[in-house]
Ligand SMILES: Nc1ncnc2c1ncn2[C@@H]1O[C@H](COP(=O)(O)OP(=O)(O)OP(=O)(O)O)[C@@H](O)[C@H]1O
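Only one chain is shown below, in C-alpha coordinates, and it's the form predicted alone.
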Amino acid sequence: MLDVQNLSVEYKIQGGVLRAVDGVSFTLKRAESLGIVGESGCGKSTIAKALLQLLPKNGKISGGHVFFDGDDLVGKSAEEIRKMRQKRIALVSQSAMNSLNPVHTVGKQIIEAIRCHSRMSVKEAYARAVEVFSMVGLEEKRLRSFPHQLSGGMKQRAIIAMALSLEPDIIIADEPTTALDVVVQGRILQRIQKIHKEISSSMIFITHDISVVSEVCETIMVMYGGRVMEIADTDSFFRAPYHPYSLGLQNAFPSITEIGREELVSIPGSPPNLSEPQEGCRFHVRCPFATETCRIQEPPLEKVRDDHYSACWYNDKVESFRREAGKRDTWESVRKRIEEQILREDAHEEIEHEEIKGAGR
(Lines give C-alpha, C1' and ligand atoms only; values in the text may rest on other atoms or scores of the structure.)
Protein backbone atom coordinates (compact mmCIF):
# COMPACT_ATOMS: atom_id res chain seq x y z
CA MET A 1 0.00 0.00 0.00
CA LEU A 2 2.70 2.50 1.04
CA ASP A 3 6.45 2.27 0.47
CA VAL A 4 8.52 5.15 1.86
CA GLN A 5 12.14 5.13 0.69
CA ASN A 6 14.89 7.33 2.18
CA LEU A 7 12.51 10.21 2.90
CA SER A 8 14.22 13.43 4.03
CA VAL A 9 12.47 16.65 5.02
CA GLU A 10 14.10 20.01 5.76
CA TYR A 11 12.88 23.27 7.26
CA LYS A 12 14.49 26.61 6.52
CA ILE A 13 15.13 28.40 9.79
CA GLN A 14 16.90 31.57 10.79
CA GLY A 15 20.58 30.94 10.31
CA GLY A 16 20.37 27.64 8.48
CA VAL A 17 18.46 24.43 7.78
CA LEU A 18 16.87 21.96 10.17
CA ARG A 19 16.68 18.40 8.85
CA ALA A 20 13.65 17.05 10.70
CA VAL A 21 13.50 13.71 8.85
CA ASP A 22 16.69 12.12 7.56
CA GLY A 23 16.58 9.07 5.29
CA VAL A 24 13.52 7.37 6.78
CA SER A 25 12.22 4.17 5.12
CA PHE A 26 9.24 1.97 5.99
CA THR A 27 6.36 0.08 4.39
CA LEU A 28 2.66 -0.20 5.18
CA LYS A 29 0.64 -3.21 4.03
CA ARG A 30 -3.08 -3.27 3.28
CA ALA A 31 -5.18 -3.26 6.47
CA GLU A 32 -1.99 -2.99 8.59
CA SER A 33 -1.72 -0.61 11.56
CA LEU A 34 1.69 1.00 12.05
CA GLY A 35 2.58 2.99 15.16
CA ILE A 36 5.28 5.68 14.91
CA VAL A 37 6.61 6.67 18.34
CA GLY A 38 9.30 8.99 19.64
CA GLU A 39 9.98 12.11 21.68
CA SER A 40 8.75 15.55 20.63
CA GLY A 41 10.81 16.86 17.73
CA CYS A 42 11.89 13.44 16.43
CA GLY A 43 10.16 13.99 13.07
CA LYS A 44 7.09 11.77 13.36
CA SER A 45 4.49 14.50 12.66
CA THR A 46 6.67 15.86 9.85
CA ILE A 47 6.39 12.47 8.13
CA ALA A 48 2.58 12.70 8.23
CA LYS A 49 2.62 16.20 6.73
CA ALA A 50 5.17 15.22 4.09
CA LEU A 51 3.07 12.27 2.89
CA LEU A 52 0.18 14.63 2.13
CA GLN A 53 2.26 17.68 1.14
CA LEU A 54 0.95 19.68 4.09
CA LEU A 55 4.34 21.02 5.14
CA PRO A 56 4.54 24.72 6.08
CA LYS A 57 6.07 27.17 3.60
CA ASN A 58 9.54 26.82 5.07
CA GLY A 59 9.46 23.01 4.76
CA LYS A 60 10.24 20.78 1.79
CA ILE A 61 10.93 17.15 0.89
CA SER A 62 14.66 17.22 0.15
CA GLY A 63 15.05 13.59 -0.88
CA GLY A 64 13.50 10.15 -1.17
CA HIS A 65 10.31 8.67 -2.57
CA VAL A 66 6.80 7.91 -1.31
CA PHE A 67 5.15 5.17 -3.37
CA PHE A 68 1.40 4.86 -2.83
CA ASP A 69 -0.02 1.86 -4.70
CA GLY A 70 3.11 2.02 -6.86
CA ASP A 71 2.69 5.71 -7.72
CA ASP A 72 5.36 8.13 -6.43
CA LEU A 73 3.69 11.02 -4.56
CA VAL A 74 6.90 13.07 -4.41
CA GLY A 75 6.84 15.50 -7.32
CA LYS A 76 3.08 15.40 -7.81
CA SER A 77 1.34 18.76 -8.05
CA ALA A 78 -0.57 20.29 -5.14
CA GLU A 79 -3.83 19.77 -7.04
CA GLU A 80 -3.13 16.07 -7.63
CA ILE A 81 -2.40 15.56 -3.94
CA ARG A 82 -5.47 17.58 -2.90
CA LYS A 83 -7.72 15.21 -4.85
CA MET A 84 -6.24 12.24 -2.96
CA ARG A 85 -6.64 13.73 0.50
CA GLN A 86 -9.70 12.55 2.42
CA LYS A 87 -10.70 10.24 -0.44
CA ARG A 88 -7.66 7.93 -0.45
CA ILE A 89 -5.49 9.18 2.44
CA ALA A 90 -7.15 10.90 5.39
CA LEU A 91 -5.43 12.77 8.21
CA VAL A 92 -6.60 13.26 11.78
CA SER A 93 -4.12 15.84 13.05
CA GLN A 94 -3.09 16.97 16.52
CA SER A 95 -5.85 18.93 18.29
CA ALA A 96 -7.99 18.43 15.18
CA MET A 97 -11.10 19.18 17.24
CA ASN A 98 -10.04 22.84 17.25
CA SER A 99 -10.12 22.94 13.44
CA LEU A 100 -13.93 22.83 13.24
CA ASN A 101 -15.48 26.08 12.01
CA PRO A 102 -17.38 27.60 14.97
CA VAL A 103 -20.08 29.29 12.83
CA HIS A 104 -21.25 26.16 10.97
CA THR A 105 -22.84 22.98 12.31
CA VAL A 106 -20.67 19.90 12.50
CA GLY A 107 -22.96 18.10 10.04
CA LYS A 108 -22.64 20.84 7.42
CA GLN A 109 -18.85 20.64 7.59
CA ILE A 110 -18.80 16.86 7.21
CA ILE A 111 -21.26 16.96 4.30
CA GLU A 112 -19.14 19.62 2.60
CA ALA A 113 -16.02 17.44 2.96
CA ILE A 114 -17.86 14.43 1.50
CA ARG A 115 -19.25 16.32 -1.49
CA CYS A 116 -15.92 18.01 -2.20
CA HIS A 117 -14.37 14.62 -3.01
CA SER A 118 -17.36 12.70 -4.40
CA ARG A 119 -20.44 13.07 -6.59
CA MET A 120 -22.90 12.44 -3.76
CA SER A 121 -26.01 14.57 -3.47
CA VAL A 122 -26.68 16.46 -0.26
CA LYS A 123 -29.14 13.73 0.77
CA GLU A 124 -26.61 10.94 0.13
CA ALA A 125 -23.86 12.85 1.90
CA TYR A 126 -26.13 13.37 4.93
CA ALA A 127 -26.91 9.63 5.04
CA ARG A 128 -23.18 8.90 4.94
CA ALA A 129 -22.54 11.42 7.74
CA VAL A 130 -25.19 9.66 9.89
CA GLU A 131 -23.48 6.34 9.18
CA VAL A 132 -19.98 7.46 10.18
CA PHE A 133 -21.36 9.27 13.24
CA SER A 134 -22.85 5.95 14.32
CA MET A 135 -19.46 4.28 13.81
CA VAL A 136 -17.78 6.68 16.24
CA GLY A 137 -20.63 6.48 18.75
CA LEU A 138 -22.36 9.82 18.12
CA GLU A 139 -26.11 10.31 17.69
CA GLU A 140 -27.59 11.72 14.47
CA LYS A 141 -28.91 14.82 16.30
CA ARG A 142 -25.31 15.87 16.98
CA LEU A 143 -24.92 16.66 13.28
CA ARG A 144 -27.08 19.72 13.94
CA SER A 145 -24.83 20.89 16.80
CA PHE A 146 -22.28 23.68 16.57
CA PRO A 147 -18.73 22.82 17.76
CA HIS A 148 -19.12 24.74 21.05
CA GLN A 149 -22.10 22.51 21.92
CA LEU A 150 -19.93 19.37 21.90
CA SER A 151 -17.45 18.14 24.49
CA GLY A 152 -13.79 17.68 23.59
CA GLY A 153 -14.25 13.95 23.14
CA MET A 154 -17.30 14.45 20.91
CA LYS A 155 -15.47 16.97 18.71
CA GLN A 156 -12.53 14.61 18.33
CA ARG A 157 -14.86 11.77 17.35
CA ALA A 158 -16.59 14.07 14.84
CA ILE A 159 -13.21 14.78 13.22
CA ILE A 160 -12.47 11.05 13.09
CA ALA A 161 -15.90 10.53 11.49
CA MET A 162 -15.02 13.14 8.86
CA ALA A 163 -11.77 11.29 8.11
CA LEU A 164 -13.69 8.01 7.71
CA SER A 165 -16.51 9.42 5.62
CA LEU A 166 -15.07 8.33 2.25
CA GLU A 167 -13.52 5.08 3.52
CA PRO A 168 -9.92 6.05 2.66
CA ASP A 169 -7.24 3.48 1.92
CA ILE A 170 -4.99 4.95 4.63
CA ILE A 171 -5.88 6.81 7.83
CA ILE A 172 -3.07 8.86 9.42
CA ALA A 173 -3.89 9.63 13.05
CA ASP A 174 -1.40 12.16 14.47
CA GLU A 175 -1.74 12.27 18.27
CA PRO A 176 -5.57 12.02 18.00
CA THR A 177 -6.13 11.71 21.76
CA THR A 178 -3.49 14.11 23.14
CA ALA A 179 -5.88 16.77 24.49
CA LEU A 180 -8.33 14.32 26.08
CA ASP A 181 -8.55 12.84 29.57
CA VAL A 182 -7.59 9.17 29.97
CA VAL A 183 -11.19 7.88 30.16
CA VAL A 184 -12.25 9.58 26.91
CA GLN A 185 -8.90 8.63 25.39
CA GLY A 186 -9.58 4.97 26.15
CA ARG A 187 -13.01 5.09 24.54
CA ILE A 188 -11.69 6.75 21.37
CA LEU A 189 -8.84 4.23 21.07
CA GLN A 190 -11.39 1.42 21.29
CA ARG A 191 -13.45 3.10 18.55
CA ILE A 192 -10.40 3.51 16.34
CA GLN A 193 -9.52 -0.17 16.72
CA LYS A 194 -13.07 -1.25 15.95
CA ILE A 195 -13.37 1.01 12.88
CA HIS A 196 -9.95 -0.03 11.58
CA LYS A 197 -11.11 -3.65 11.53
CA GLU A 198 -14.55 -2.85 10.09
CA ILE A 199 -13.45 -0.86 7.04
CA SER A 200 -10.04 -2.60 6.57
CA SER A 201 -8.16 0.65 6.00
CA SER A 202 -4.44 0.79 6.64
CA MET A 203 -3.51 3.07 9.53
CA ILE A 204 -0.51 5.08 10.67
CA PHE A 205 -0.87 6.01 14.33
CA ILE A 206 1.57 8.70 15.49
CA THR A 207 2.12 9.24 19.21
CA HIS A 208 4.71 9.90 21.91
CA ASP A 209 2.91 7.38 24.15
CA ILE A 210 4.39 3.93 23.57
CA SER A 211 1.69 2.25 25.67
CA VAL A 212 -1.02 3.50 23.27
CA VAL A 213 0.76 1.82 20.34
CA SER A 214 0.78 -1.45 22.27
CA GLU A 215 -3.03 -1.35 22.24
CA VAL A 216 -3.86 -0.28 18.69
CA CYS A 217 -0.96 -1.21 16.35
CA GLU A 218 0.45 -4.41 14.89
CA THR A 219 3.82 -2.87 13.96
CA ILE A 220 5.88 -0.24 15.76
CA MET A 221 8.52 2.14 14.39
CA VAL A 222 10.70 4.00 16.91
CA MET A 223 12.19 7.32 15.79
CA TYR A 224 14.88 9.46 17.35
CA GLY A 225 16.50 12.62 16.02
CA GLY A 226 14.89 12.30 12.59
CA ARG A 227 16.06 8.70 12.09
CA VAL A 228 14.51 5.25 12.52
CA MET A 229 16.00 3.38 15.48
CA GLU A 230 13.90 0.20 15.40
CA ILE A 231 11.01 -1.42 13.50
CA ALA A 232 9.27 -4.58 14.71
CA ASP A 233 5.92 -6.25 15.18
CA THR A 234 4.47 -4.92 18.41
CA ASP A 235 4.55 -8.20 20.35
CA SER A 236 8.20 -8.80 19.45
CA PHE A 237 9.13 -5.22 20.33
CA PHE A 238 7.64 -5.32 23.83
CA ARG A 239 8.93 -8.82 24.48
CA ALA A 240 12.48 -8.31 23.23
CA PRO A 241 13.53 -4.82 22.03
CA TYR A 242 16.99 -4.40 20.51
CA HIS A 243 17.99 -0.75 20.33
CA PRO A 244 19.36 0.91 23.52
CA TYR A 245 16.89 3.78 23.02
CA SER A 246 14.00 1.30 23.00
CA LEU A 247 15.38 -0.31 26.15
CA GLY A 248 15.43 3.12 27.79
CA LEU A 249 11.85 3.80 26.70
CA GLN A 250 10.66 0.59 28.32
CA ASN A 251 12.08 1.72 31.67
CA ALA A 252 10.18 4.99 31.39
CA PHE A 253 6.59 3.73 31.38
CA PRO A 254 4.78 1.86 34.16
CA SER A 255 3.82 -1.81 34.22
CA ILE A 256 0.91 -3.36 36.12
CA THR A 257 2.33 -6.88 35.75
CA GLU A 258 5.83 -6.41 37.19
CA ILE A 259 5.14 -6.47 40.94
CA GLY A 260 7.86 -4.87 43.01
CA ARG A 261 9.35 -3.01 40.09
CA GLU A 262 11.38 0.03 41.10
CA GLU A 263 10.28 3.57 40.29
CA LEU A 264 10.47 4.62 36.66
CA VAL A 265 13.89 5.41 35.17
CA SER A 266 14.09 8.25 32.65
CA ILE A 267 16.65 8.62 29.87
CA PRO A 268 19.08 11.42 30.85
CA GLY A 269 19.86 14.28 28.49
CA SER A 270 18.02 15.82 25.54
CA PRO A 271 17.46 14.94 21.87
CA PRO A 272 20.04 16.31 19.39
CA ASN A 273 19.74 19.76 17.81
CA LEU A 274 18.80 18.87 14.23
CA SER A 275 19.82 22.31 12.93
CA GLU A 276 23.45 21.27 13.54
CA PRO A 277 25.44 18.66 11.55
CA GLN A 278 24.99 15.16 13.01
CA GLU A 279 27.77 12.59 13.29
CA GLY A 280 27.54 8.95 14.33
CA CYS A 281 24.50 7.40 15.97
CA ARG A 282 21.93 10.06 16.89
CA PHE A 283 21.52 8.48 20.34
CA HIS A 284 25.19 8.08 21.27
CA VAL A 285 25.33 11.06 23.68
CA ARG A 286 22.54 9.54 25.84
CA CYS A 287 23.45 5.86 25.32
CA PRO A 288 25.14 4.01 28.21
CA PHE A 289 26.71 1.53 25.78
CA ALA A 290 28.14 3.97 23.22
CA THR A 291 31.70 3.54 21.94
CA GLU A 292 33.97 5.64 19.73
CA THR A 293 32.49 3.87 16.69
CA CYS A 294 29.02 5.10 17.70
CA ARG A 295 30.32 8.67 17.92
CA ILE A 296 31.79 8.79 14.42
CA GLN A 297 29.80 6.30 12.30
CA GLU A 298 26.05 6.12 11.82
CA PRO A 299 24.75 2.53 12.06
CA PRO A 300 22.52 1.14 9.29
CA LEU A 301 19.04 -0.28 9.97
CA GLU A 302 19.72 -4.03 9.93
CA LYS A 303 17.51 -7.11 10.15
CA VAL A 304 17.95 -8.82 13.52
CA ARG A 305 14.99 -11.23 13.38
CA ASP A 306 12.02 -11.87 11.11
CA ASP A 307 10.27 -8.51 10.57
CA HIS A 308 12.52 -6.92 13.20
CA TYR A 309 15.11 -4.23 12.37
CA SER A 310 17.47 -2.24 14.59
CA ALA A 311 19.98 0.57 13.88
CA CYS A 312 22.76 -0.26 16.34
CA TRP A 313 26.38 -1.32 15.85
CA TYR A 314 26.06 -3.83 18.70
CA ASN A 315 22.87 -5.79 18.04
CA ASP A 316 24.85 -8.96 18.83
CA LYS A 317 25.30 -7.74 22.43
CA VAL A 318 21.61 -7.12 23.07
CA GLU A 319 21.29 -9.75 25.83
CA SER A 320 23.82 -8.00 28.04
CA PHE A 321 22.36 -4.62 27.10
CA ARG A 322 18.90 -5.74 28.25
CA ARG A 323 20.28 -6.84 31.63
CA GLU A 324 22.18 -3.62 32.18
CA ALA A 325 19.44 -1.32 30.82
CA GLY A 326 17.08 -2.36 33.63
CA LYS A 327 19.45 -1.00 36.29
CA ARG A 328 19.18 2.59 37.51
CA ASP A 329 22.97 2.86 37.86
CA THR A 330 23.40 2.25 34.14
CA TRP A 331 21.49 5.43 33.29
CA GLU A 332 22.88 7.39 36.23
CA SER A 333 26.35 6.95 34.72
CA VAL A 334 25.05 8.65 31.56
CA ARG A 335 23.61 11.50 33.63
CA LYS A 336 26.96 12.08 35.34
CA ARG A 337 28.79 11.96 32.01
CA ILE A 338 26.44 14.56 30.49
CA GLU A 339 26.71 16.83 33.54
CA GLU A 340 30.53 16.63 33.43
CA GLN A 341 30.47 17.52 29.72
CA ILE A 342 28.26 20.55 30.42
CA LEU A 343 30.63 21.70 33.18
CA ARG A 344 33.63 21.38 30.84
CA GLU A 345 31.85 23.36 28.11
CA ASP A 346 30.83 26.07 30.59
CA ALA A 347 34.41 26.31 31.86
CA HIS A 348 35.73 26.53 28.30
CA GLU A 349 33.27 29.31 27.46
CA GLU A 350 34.26 31.21 30.59
CA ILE A 351 37.97 30.98 29.65
CA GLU A 352 37.21 32.20 26.12
CA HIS A 353 35.18 35.08 27.56
CA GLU A 354 38.04 36.11 29.87
CA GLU A 355 40.52 35.94 26.98
CA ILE A 356 38.29 38.19 24.86
CA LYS A 357 37.98 40.67 27.74
CA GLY A 358 41.78 40.61 28.21
CA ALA A 359 42.40 41.24 24.51
CA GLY A 360 40.00 44.17 24.67
CA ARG A 361 41.92 45.74 27.54
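One rule holds for the numbers: they count along the sequence shown, beginning at 1. All of these numbers come straight from a predicted model, not from anything done at the bench.
The same protein also has a form predicted together with the named molecule, omitted here; what follows describes it.
Colleague: With the partner absent here, would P268, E324 and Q341 each sit within 4.5 Å of the named molecule in the predicted bound form, counting heavy atoms only?
Modeller: Per the other structure, none of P268, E324 and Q341 touch the named molecule.
Colleague: Does the 4.5 Å heavy atom contact test between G64 and the named molecule in the predicted bound form come out positive?
Modeller: Because no heavy atom of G64 falls inside 4.5 Å of the named molecule in the predicted bound form, the answer is no.
Colleague: Does any heavy atom of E175 come within 4.5 Å of a heavy atom of the named molecule in the predicted bound form?
Modeller: Flag for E175 set to yes.
Colleague: Does the 4.5 Å heavy atom contact test between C312 and the named molecule in the predicted bound form come out positive?
Modeller: The answer is no: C312 has no heavy atom within 4.5 Å of the named molecule.
Colleague: Please tell me whether any heavy atom belonging to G43 falls inside 4.5 Å of a heavy atom of the named molecule, as the geometry stands in the predicted bound form.
Modeller: It does: once the named molecule is placed as it appears in the predicted bound form, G43 has a heavy atom within 4.5 Å of it.
Colleague: Could you spot which one of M203, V92, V212, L274 gets a heavy atom to within 4.5 Å of the named molecule in the predicted bound form?
Modeller: Answer to the contact question: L274.
Colleague: Name the stretch, out of 302-310, 35-43, 289-297, 324-332, where some heavy atom lies within 4.5 Å of the named molecule in the predicted bound form.
Modeller: This holds for exactly one stretch, 35-43.
Colleague: Though the partner is not shown here, which residues of 2-41 have a heavy atom within 4.5 Å of the named molecule in the predicted bound form?
Modeller: Heavy-atom contacts to the named molecule in the predicted bound form: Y11, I13, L18, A20, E39, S40, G41.
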